[in-house]
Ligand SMILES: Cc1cc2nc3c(=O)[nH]c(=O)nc-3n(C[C@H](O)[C@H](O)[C@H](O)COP(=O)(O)OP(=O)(O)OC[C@H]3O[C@@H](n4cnc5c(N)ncnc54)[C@H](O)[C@@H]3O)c2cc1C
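As a starting point, one isolated chain is supplied in structure tokens, in the form predicted on its own.
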């Protein structure tokens, strides 16, 4: 099977003609405008501001922001396709779209005041304000109910103190979405969400060195008695978990879509290499063991894609909370991306670990997506608890 045929046989039978055209347009854009620069930017640890800027005139940066705020609002299914196709080429550019629309923009749309919408959404849609979600802490990212970053109510606002780590886009963001607790003893009922100006006195953004995703410039963000005015509160005091719940549904959807894109990239690279590399007088793609790996890669990718598209259809149908389905999609897709990267490296042999080939980089990037938006262990727990009736949607 050629790479072209593999793409044509995607499980996209449920996409509308418009969604198919969007996928084709995003793929052509990503391959032409983004792909040639990714490896170099990674080596240089260069954040792709110039590539992100190219998303704006095409409407790819804000597909979930309504047109009245300057966005290019489309359906959730098409948004997933945009994330998938961008991630097939670059994790970081796709992450910008994901954070802008799912975590930050989505939270403002669902829980923000009209003043917050009018202030921030047009800036996000125009690309003048990148955003960053400050959730993960040094002591744990998944256990949001036990976060240590504190918020203290003062006259006219709040004071934030604490540290967030593994924060994408922080050094380039014009807006932080931050969660902190008003009372640790109340666990999740003390969690509160804020919109914070990164230039606020008391906020320090430091480097957080990584072995991978160097072009993402991941950061550590430290809050030391940083003042957030009352208008920065999103939702209510102690009402941060409902804000997070709806945001994470869409966040996990977009992450899962990105994982499908990376899974597909691994297939494309493996198929191409298998039909070029020769051993024992024939192309290695003619060997049954190589064919078995490629078949498994395709099957797990199509399974993940089906779950992602199903979740997108549920959201488009108006299902407010689909936490079980978002966990299923995120778990399946992230593990598919990692295993596909491993199989693709195996097909490449030693070359899979050289700088000449992309697939080695994809392994570490895919693994990072298993942690983001909840670990695999968390999602298995959530899925089981929903099935057993221990947890409700």
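Positions refer to the first chain, counted from 1. From a predicted model like this one, the values you see are computed outputs, not experimental measurements.
This next part talks about the form predicted in complex with this ligand, which is not shown.
Of the listed positions (107, 264, 181, 168), a single one reaches within 4.5 angstroms of this ligand by any non-hydrogen atom in the predicted complex, namely 168. Residue in contact with this ligand in the predicted complex (any heavy atom within 4.5 Å), chosen from 135, 175, 269, 94: 135. For the three marked residues, 197, 204 and 206, no heavy atom of any sits within 4.5 Å of this ligand in the predicted complex.
Only one segment in the set 182 to 190, 209 to 217, 225 to 233, 76 to 84 has any non-hydrogen atom within 4.5 angstroms of this ligand in the predicted complex, and it is 209 to 217. Looking at residue 156, you'd find every heavy atom of it more than 4.5 angstroms from this ligand in the predicted complex.
Although the partner is absent from this view, residue 381 contacts this ligand in the predicted complex, with a non-hydrogen atom inside 4.5 angstroms. In the predicted complex, at least one heavy atom of residue 368 sits within 4.5 Å of this ligand. At a distance threshold of 4.5 angstroms between non-hydrogen atoms, residue 145 is out of contact with this ligand in the predicted complex.
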